[in-house]
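Okay, here we've got a single chain as structure tokens, the form predicted alone, with questions on binding and movement later.
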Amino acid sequence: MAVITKVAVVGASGNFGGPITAALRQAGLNVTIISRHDSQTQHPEGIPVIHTAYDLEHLTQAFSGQDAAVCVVGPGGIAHQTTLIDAAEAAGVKRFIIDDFGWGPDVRGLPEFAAIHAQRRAGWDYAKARADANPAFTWTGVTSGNPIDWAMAKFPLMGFDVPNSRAIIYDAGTESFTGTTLAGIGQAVLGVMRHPDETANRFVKVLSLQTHQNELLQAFEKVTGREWEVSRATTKELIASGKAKFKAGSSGWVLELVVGQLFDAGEARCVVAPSREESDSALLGVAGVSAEALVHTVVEQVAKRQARAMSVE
């Protein structure tokens, strides 16, 4: 396959889009951001931005001249993925990165996530069908699992309330799960661009580390230099609460069930690969991180968020 040098990113302002765009740009690739015609989002200086309607004609024009496209739109944009795929193919894009960046097609998620998973799978299946029909068009899915530094810094329900040095340990705290940092997710996409032949028409699996709550608690106490207040909870209770909210049509069920299945004792629901060696991390250049290094990053992210909140006030 020809070398990929020009990459369009759709959803560049999102939680994953920012690190992906930064990684591609820092590596010297020519990045173009595709954004809705009415978007007021401010993007990094020096990156071309094409504001366009999300229909086939205009998106095809926007993708013209690009070697690859990265779809990293939020939940509200998933329904547009088939149109994005058609436009990329029509424009002659060689590689389309489908909107995965989660647990991929093999996830053993709780049944409440079935509709969400089906919507995402529809886009993945469509990309495969187009690649089967047109060998000049290829796709890759990046299965990265839990976006661990972002999630831990943002959601105390993950078990770690950093500003208050409090931890919630679910069950025995020993259920292993894998995670990929935001930097690792950006590197994974860059790695796909660097290795187009090895990553064509398949899902790649990456992880920065495999860990569990007890290891993370030790790391937090070591990094912060203080003993944390620890309370106990069960995944059974958390999952029951999420299921009740789902049934009642109440908000909050997604986060509760995401965390519940992450720590669901003995289920190994959230392990992308048994080890880094059995993943595509080395191929794509996704570096491993220690629990302590991860915690340093999380603490820094929380401090920056608090500083921004104070400046707004």
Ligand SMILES: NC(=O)c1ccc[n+]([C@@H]2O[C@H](COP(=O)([O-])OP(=O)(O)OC[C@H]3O[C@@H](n4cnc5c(N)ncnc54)[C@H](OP(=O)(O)O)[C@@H]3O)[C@@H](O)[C@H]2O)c1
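Remember, predicted model here, so these are calculated numbers, not experimental data. Numbering starts at 1 and follows the sequence shown.
In what follows, reference is made to the form predicted together with the ligand, a form of this protein that is not presented.
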query	finding
Interface segment, criterion being heavy atoms within 4.5 Å of the ligand in the model of the complex, picked from 21-29, 301-309, 6-14, 285-293	6-14
Contact test, all of 36, 73 and 101, partner the ligand in the model of the complex, heavy atom 4.5 Å	yes
is_contact(residue 54, the ligand) in the model of the complex, heavy atom dist at most 4.5 Å	yes
Proximity of residue 147 to the ligand in the model of the complex, heavy atoms at 4.5 Å	yes
is_contact(residue 78, the ligand) in the model of the complex, heavy atom dist at most 4.5 Å	yes
Heavy atom of residue 269 within 4.5 Å of the ligand in the model of the complex	no
The single option of 41, 61, 250, 275 touching the ligand in the model of the complex, heavy atom within 4.5 Å	41
